[in-house]
Ligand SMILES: Cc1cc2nc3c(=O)[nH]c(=O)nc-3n(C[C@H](O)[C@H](O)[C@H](O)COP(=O)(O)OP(=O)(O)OC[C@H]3O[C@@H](n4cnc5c(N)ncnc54)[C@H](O)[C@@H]3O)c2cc1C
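Starting off, we have a lone chain in the form predicted on its own, written out as structure tokens.
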Amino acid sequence: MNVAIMGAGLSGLACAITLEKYGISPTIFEKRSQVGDRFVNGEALLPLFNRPINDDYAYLAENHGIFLQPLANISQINLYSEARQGVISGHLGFINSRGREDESFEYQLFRQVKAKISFNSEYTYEQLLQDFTHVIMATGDAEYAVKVENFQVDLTCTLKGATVEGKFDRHHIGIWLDNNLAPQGYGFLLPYSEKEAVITIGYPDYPENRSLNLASLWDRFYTTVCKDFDQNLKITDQFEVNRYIMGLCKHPRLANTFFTGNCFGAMMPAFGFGQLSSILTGIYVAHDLCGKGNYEELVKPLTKSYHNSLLIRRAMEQLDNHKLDILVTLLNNRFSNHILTNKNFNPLKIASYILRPFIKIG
């Protein structure tokens, strides 16, 4: 067995780590000069989206021998809509970083891989098919899956973010649900530390949004964050992503090619995070290659989670600012806090069942 992994991101590195545990040494190809995305970004692992898994870090360590450390745990989410504010408190998840910095998920996984990575690789998928018995597509986006007509595109998104300096509680995050700032989307603030955070807006590229002025939306969002956090935040770095594809592959495996990470469809549409799903797809491919399971069966729960998340997104997109104000008000009470932090409650699954008769996702 001669295995090639195309991409040294979350799924590709997790796949390599797991293969090596079973005595298989893959060859890893990465088109960039180092691991990590082209910019540093903050993300969150929220158990309420991943249940029945309640602690993603413990689950990966105890069940798969993959060891990651968060930047901080999340004890409070501050919610902001156009005219309302709310707070959700409890053990809500963890903050992690992505990209080219030492504590990012990519670098933490990189330090656990023994196989050499060929950086600045110019290998194409077609060349890998000729030279290897198995190819794992882990490129971090759906370009190749779309190219071979194995991907259902549900939407594309525009993202703009920045690293800012200020004073932050590293255990508190902010989420903005306001169509004036991010139409049919959201904004968030995630601290890296007490002195640094990332702020980001994201919204879908539907026809009615394509004429939007991103610079104007960004200025409005930045001003709002500064006001809500009562400080003048200093921007030190910025990034922008246009028409980022969200969707799901039609077949997780085609012949001896496996689609993982965002080539599979690990990005959860509701709030855009998909780190756990990406890592799990890499692990599951390795289990298949080592005779420990069937990849197409193993990823079925991830496929269900994706569809549930898409239903939530479609429902959120139909809410105007008045309804978003009502939503924030409903979330801002002790009962909602108890439900969202209850380990035995899967809000994503239950909400999707309630919404399924009313929301079209096709």
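Since this is a predicted model, take the numbers as computed values, not measurements. Don't overthink the numbering: it's just position in the shown sequence, from 1.
Below, we turn to the form predicted together with this ligand, even though it does not appear here.
Of the candidate stretches 228-236, 275-283, 85-93, 164-172, only 275-283 has residues with heavy atoms within 4.5 Å of this ligand in the predicted bound form. Using a 4.5 angstroms threshold between heavy atoms, residue 261 counts as touching this ligand in the predicted bound form. Contact annotation: residue 267 falls within 4.5 Å of this ligand in the predicted bound form, judged by heavy atom distances. Within this chain, residue 139 lines the site of this ligand in the predicted bound form, having a heavy atom no more than 4.5 Å away. In the predicted bound form, residue 244 approaches this ligand with a heavy atom inside 4.5 Å.
Candidate site formed by 292, 296 and 303: none of these residues places a non-hydrogen atom within 4.5 angstroms of this ligand in the predicted bound form. Residues of 39-75 that come within 4.5 Å of this ligand in the predicted bound form, judged by any heavy atom, are 39, 41, 43, 44, 45 in sequence order.
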